[in-house]
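So this first bit is one chain, no partners, the form predicted alone, shown in structure tokens.
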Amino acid sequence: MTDVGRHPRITLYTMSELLDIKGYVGNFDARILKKARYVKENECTACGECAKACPVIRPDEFNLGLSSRKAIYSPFPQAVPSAYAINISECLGNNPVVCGKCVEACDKKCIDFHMSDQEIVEKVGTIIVATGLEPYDPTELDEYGYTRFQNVVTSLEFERLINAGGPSGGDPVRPTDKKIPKSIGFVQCVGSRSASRGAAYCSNICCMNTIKSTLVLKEHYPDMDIKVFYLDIRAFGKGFEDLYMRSRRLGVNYIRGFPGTVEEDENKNLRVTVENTASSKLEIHELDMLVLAIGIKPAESTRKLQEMLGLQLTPDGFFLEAHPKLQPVDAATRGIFYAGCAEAPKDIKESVTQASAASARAIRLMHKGHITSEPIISEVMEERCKSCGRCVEVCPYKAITCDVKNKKPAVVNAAACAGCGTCAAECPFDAIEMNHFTSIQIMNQVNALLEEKPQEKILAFACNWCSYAGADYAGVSRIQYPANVRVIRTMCSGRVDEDFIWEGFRKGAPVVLVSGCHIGDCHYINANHWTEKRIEKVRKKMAKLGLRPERLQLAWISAAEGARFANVMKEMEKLRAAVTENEISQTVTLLKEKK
């Protein structure tokens, strides 16, 4: 952190908030609110005399309220910059009648109550999102007594207690009497792996954090009685299993089962009742202190940043990468990368590794001094454009601008366009074409595939990233599916225009399938949401025309679901066999008349 603060080519904004980001890869505008520190950071020597004089005492957030700080304070040891700051909402003011003691105590005269917040705009080429995490609040798990009993603490609070720079100087004292406990219990998976309370996912770090704590305790207090209540221990990292076995050899008692109740006696000791699933017995354990190994949640700023940058989130609330294997640190929006727990729960080693990867990806993109774009992008034909603004509404990357008020044609930003083709499919005036996947090219494919014996074929539109890859996976896995499937590849299911579907039925296709990425897992952020709406609209039109809507099917198939692709095709074949030649001929006649 100190090296970052000293680096001549790194600008570090502390006590700052990101207000807005606009633009595209290579040309982002970040609007930042830098809050007033009320201390001249370049002049402050962090001598601490001002804090000694300050009469306002508040809980120290860094130590989770286990110690106190003043209204003028250093956020944490080795903070960068090495300067104090004033929490103006807690300060009594600079009027000498009210207070002003910090001003009097500062020999350097670096306290300035006339400072104000600043709004700064930075132009950047790439963005790395490293928003970190938030600890789970175990208050809702009342059976553990976190808010009722002082000697029940979280793993984060316990971490500050055993830290040499913590409020107790590294002694794991009980909050009630400040004595070293003779027995300590740890409860695992608090707020993790529970869909009803907390999160359904594993928080990754809890098991090894507990094991580390038990090793530290045994090193300093060999006779301390330590019990760990767990469901299973997940020690999958390099050397982690060895640490786990070492903890057991030192005498740590691992009990398979979670406490059902926690009670407190008159001495503030804790009585923990737990069903040991290994022995199938109900056990009662007397403990001086209980530590809850809390899980982790996405940072509070995640949702705001997701809306600001047009990013995707997983069902768990973390940011979704472009591809879990091929692009593990890339966002779907070009020029944005992830690091650390912004993308998923990670330990320090994984976070550092991902940060290095994200930095390398950003350097790779920027070192040439110019951005190269893919040729598969949308292009507006100005003579057809009516400036309705529909394309602006549906573009998941905000790559299209349109002056609707002055009736100026829409403009596609080539650097921001990712080539999903949703705008081309949604344009009511056919004023947008997608290079390499033009309407004429796709129409010609439909006509060619249905030129002979169309009644025997299944016409399928498959998105490049998931469904088409799923078909390929079914092939390489030797999974059998009907041979009469005719697949047309598009970059995204959002590219499948209504006209393509109607042309398929007009040429005699018994059934048509549109397939794409699962909802929430689209390679183009949310383009498949428009696919879903478009298919529903076509089905309603089919019903009005007297055509069976079930002849048009929509399926979500991922790249790893080769078996699912085969099963969907088998279902499509059953549906195709149920469509009579008379029904097909009536459809063809009706649609040719409507054309």
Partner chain sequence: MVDSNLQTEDRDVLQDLAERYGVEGVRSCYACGTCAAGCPARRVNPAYNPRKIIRMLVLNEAKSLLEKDTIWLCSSCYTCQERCPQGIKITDLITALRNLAVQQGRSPSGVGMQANLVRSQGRLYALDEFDDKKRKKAGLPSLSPQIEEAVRLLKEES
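Just so we're clear, the structure is a prediction, and the values are computed from it rather than from any experiment. Numbering follows the first chain given and starts at 1.
Same protein, other form: the form predicted in complex with its partner chain, not shown, and the subject of what follows.
Out of the listed residues Asp472, Glu379, Glu275, Asp171, Glu275 is the one that sits within 4.5 Å of its partner chain in the predicted bound form by at least one heavy atom. Residue in contact with its partner chain in the predicted bound form (any heavy atom within 4.5 Å), chosen from Ile363, Leu231, Val121, Ala448: Leu231.
In the predicted bound form, its partner chain sits within 4.5 Å of a heavy atom belonging to Glu263.
The closest non-hydrogen atom of Leu250 lies beyond 4.5 Å of its partner chain in the predicted bound form.
Although the partner is absent from this view, Lys218 stays clear of its partner chain in the predicted bound form, with no non-hydrogen atom inside 4.5 angstroms. Contact check for Pro345: no non-hydrogen atom falls within 4.5 Å of its partner chain in the predicted bound form. For a residue to qualify, one of its non-hydrogen atoms must sit within 4.5 Å of its partner chain in the predicted bound form; all three of Glu143, Ser196 and Arg256 qualify. Contact with its partner chain in the predicted bound form, defined as any heavy atom within 4.5 Å, is confined among 385 to 393, 474 to 482, 111 to 119, 281 to 289 to 281 to 289. Interface residues of 490 to 507, taken as those with a heavy atom within 4.5 Å of its partner chain in the predicted bound form (partner not displayed), are absent.
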